[in-house]
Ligand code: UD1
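In the block that follows, a single chain appears as structure tokens, in the form predicted alone.
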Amino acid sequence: MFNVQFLIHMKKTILVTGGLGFIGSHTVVELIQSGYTPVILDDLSNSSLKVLDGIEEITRVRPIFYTKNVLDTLAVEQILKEHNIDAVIHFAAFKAVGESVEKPLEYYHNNVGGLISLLNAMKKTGVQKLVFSSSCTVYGQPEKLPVTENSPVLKAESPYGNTKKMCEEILYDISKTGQDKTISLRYFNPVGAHPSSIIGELPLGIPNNLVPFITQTTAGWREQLTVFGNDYNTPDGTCIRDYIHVVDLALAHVKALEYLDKTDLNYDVFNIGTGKGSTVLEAIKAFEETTSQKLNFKIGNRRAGDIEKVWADCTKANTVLGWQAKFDIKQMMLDAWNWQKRLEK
């Protein structure tokens, strides 16, 4: 039996900016397995060429790859033209909340400037479909939980969050001209790794995110994990996040591309999470229970830019995109740890 969906997508070529990053690489795998042809653009500033080998090992396909920065509008233009690109998934951005507080200018230049550069290249070449990698940080510290897509977009708590908010505003304004069709996916907290343990999260330098810091500390790469604050208004005093498995998140991009082909809307947004919040200490406990490892951690001061608690209402993505998160936090932790163990080898 032929896979009909596979045949439908077979000839569609998708440009994936930041396609060797954590979320980008997992999305490239799911695109290939759904019959799309991805073309990757990545400047390798927070990724490695080895990830391309990993994608090939999983899928038996080596995607076309360009070491380019999305700020290079002419290079992007050329790639869009040369490969007759049908749609773009835009991941390429700096993403560390804490770092953005220290280096706001770099974040605005790269994240907002990069999107504008991409949009100019798309306009020049007539590419009109875009899936944008947004973030739950646009909700700031929500007054009501869980957050829906209609929850107020509040003042961002960090320059990183503000870049995502500004990018969404740019995309919304452009959509009103009727030229482009865009979906913004507001991610919650992506964690885990591909079940094969061939690709996963490997930040260059010291991790800014909780789970790679957990796995690297357990493996002895880091001395100790600091939990930032235990005096928040939550059940155990630590921040609450909606952790989502990176493979679930990757599949949401495939669903978003399918939706772009059939919707009449020029702009839409979707929350991509599990709909369940876990405290930092609950996440640590899930890791320890699943892996039978003991984590060396201490409680420290609150970190600038962190919000207290946020989790998603994913009803819209479930019903409109036909997408649903399948993996629970224990599976996320297990896959992250298996990936770490493979790195050890």
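We number the residues from 1 along the sequence you see. What you see is a predicted model; the values in this text were computed from it and never measured.
If you look for the form predicted in complex with the named molecule, you will not find it shown, but the lines that follow are about it.
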{"item": "Thr13, Val70 and Thr125 each touching the named molecule in the predicted complex (heavy atom, 4.5 Å)", "value": "no"}
{"item": "Distance check, Val101 to the named molecule in the predicted complex, heavy atom within 4.5 Å", "value": "no"}
{"item": "Contact label in the predicted complex: Lys50 to the named molecule, heavy atom within 4.5 Å", "value": "no"}
{"item": "The named molecule contact in the predicted complex: Tyr160, any heavy atom under 4.5 Å", "value": "yes"}
{"item": "Residue contact check: Phe91 to the named molecule in the predicted complex, 4.5 Å heavy atom", "value": "no"}
{"item": "Stretch in contact, per heavy atom within 4.5 angstroms of the named molecule in the predicted complex, of 109 to 117, 174 to 182, 71 to 79, 227 to 235", "value": "227 to 235"}
{"item": "The single option of Asn266, Asn209, Ser197, Gln216 touching the named molecule in the predicted complex, heavy atom within 4.5 Å", "value": "Asn209"}
{"item": "Residue among Ile40, Cys314, Val280, Ile55 with a heavy atom within 4.5 Å of the named molecule in the predicted complex", "value": "Val280"}
{"item": "The named molecule in the predicted complex - contacting residues of 96 to 111, heavy atom within 4.5 Å", "value": "Val97"}
